[in-house]
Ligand code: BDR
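The data below hold one chain only, encoded as structure tokens and taken in the form predicted alone.
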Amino acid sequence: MRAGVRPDAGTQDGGASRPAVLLDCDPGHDDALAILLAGATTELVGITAVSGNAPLERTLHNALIVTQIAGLDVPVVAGADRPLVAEPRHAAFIHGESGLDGPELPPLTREPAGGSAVRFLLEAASARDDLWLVATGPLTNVALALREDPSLAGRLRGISLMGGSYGPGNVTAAAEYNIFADPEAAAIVFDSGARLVMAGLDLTHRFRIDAERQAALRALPGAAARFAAELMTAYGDAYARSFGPDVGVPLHDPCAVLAVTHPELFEVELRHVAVELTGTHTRGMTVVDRRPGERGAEPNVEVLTDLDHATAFATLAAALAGYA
């Protein structure tokens, strides 16, 4: 058994029940894959959209489009349209102005569910005691929900998030985008006392789409898989323009889903993680305390450090093919 396996998390292997998941996201190419993966491997109780990779009206539209293409019958609810304190910062340099640049998107025929993301999240967590919150965008919606009802931290099975890093960021030298986009919200979440599972850049950069895997995606049957392959082609082109041709295409957001559905794929370290709010060069940094023994602060996060990327990709491919 790999270090850090969490046997209490749900999995699809061996006929076990699907974990109940609410997905909070800002689609975003890799968020779209996270939606498709969650739709195939979890009991997806709903999706909440947040401003992040693109403005809220686009991320909400994109979440609806992904569910429409996949035929997923789940409520999609609008959330926060800006960070708690800072001005919005979007990621058009990777995801384009639409958030899903690349594929030709069909006309939208679905409508968002009514109400707010915060109310939807709180009610979903009150209705059951086994809910995982998977957060793959800025943590604004999650922080607002915790601020309205701090007891949410103890009612959730856990929060599996994509964000942060041990080392270099991808927006600044220190900060990863999701945390940098709303560090005040991230600080509330990391200080909440909730069970946190963190898929940071150190982990997600180990799960990449290369030319061989691109070809494997293109060979999968069905509209959802074809859409995913087109997304990854555009995503790869954007990464090559921004970070160089040899970087590959990291699948950030699916890692946060897989950490819930297939925890056996990951290695984990228990660490204390704090969010820097005021540093001139380090605002948005996740400060991971890696000091040995009793010198380190009390752990508050399960930090994912490695994964079986071959099995992770096979799991993703099988999920996409299943929509056919």
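Values in this document were obtained by computation on a predicted structure and should not be read as measured data. One-based numbering along the sequence shown.
In what follows, reference is made to the form predicted in complex with the named molecule, a form of this protein that is not presented.
None of T261, T286, N53, N62 but one reaches within 4.5 angstroms of the named molecule in the predicted bound form through a heavy atom, and that residue is N53. In plain terms, the part of the chain that comes close to the named molecule in the predicted bound form, with a heavy atom within 4.5 Å, is 176 to 184 out of 150 to 158, 214 to 222, 176 to 184, 70 to 78. For the chain shown alone, S192 is not a contact residue for the named molecule in the predicted bound form, no non-hydrogen atom being within 4.5 angstroms.
Contact check for T140: every heavy atom lies farther than 4.5 Å from the named molecule in the predicted bound form. Taking the partner from the other structure, the named molecule in the predicted bound form has a heavy atom within 4.5 Å of a heavy atom of M162. Looking at L201, you'd find a heavy atom of it within 4.5 angstroms of the named molecule in the predicted bound form. Taking a 4.5 Å heavy atom cutoff to the named molecule in the predicted bound form, the contacting residues in 27 to 45 are D30, D31.
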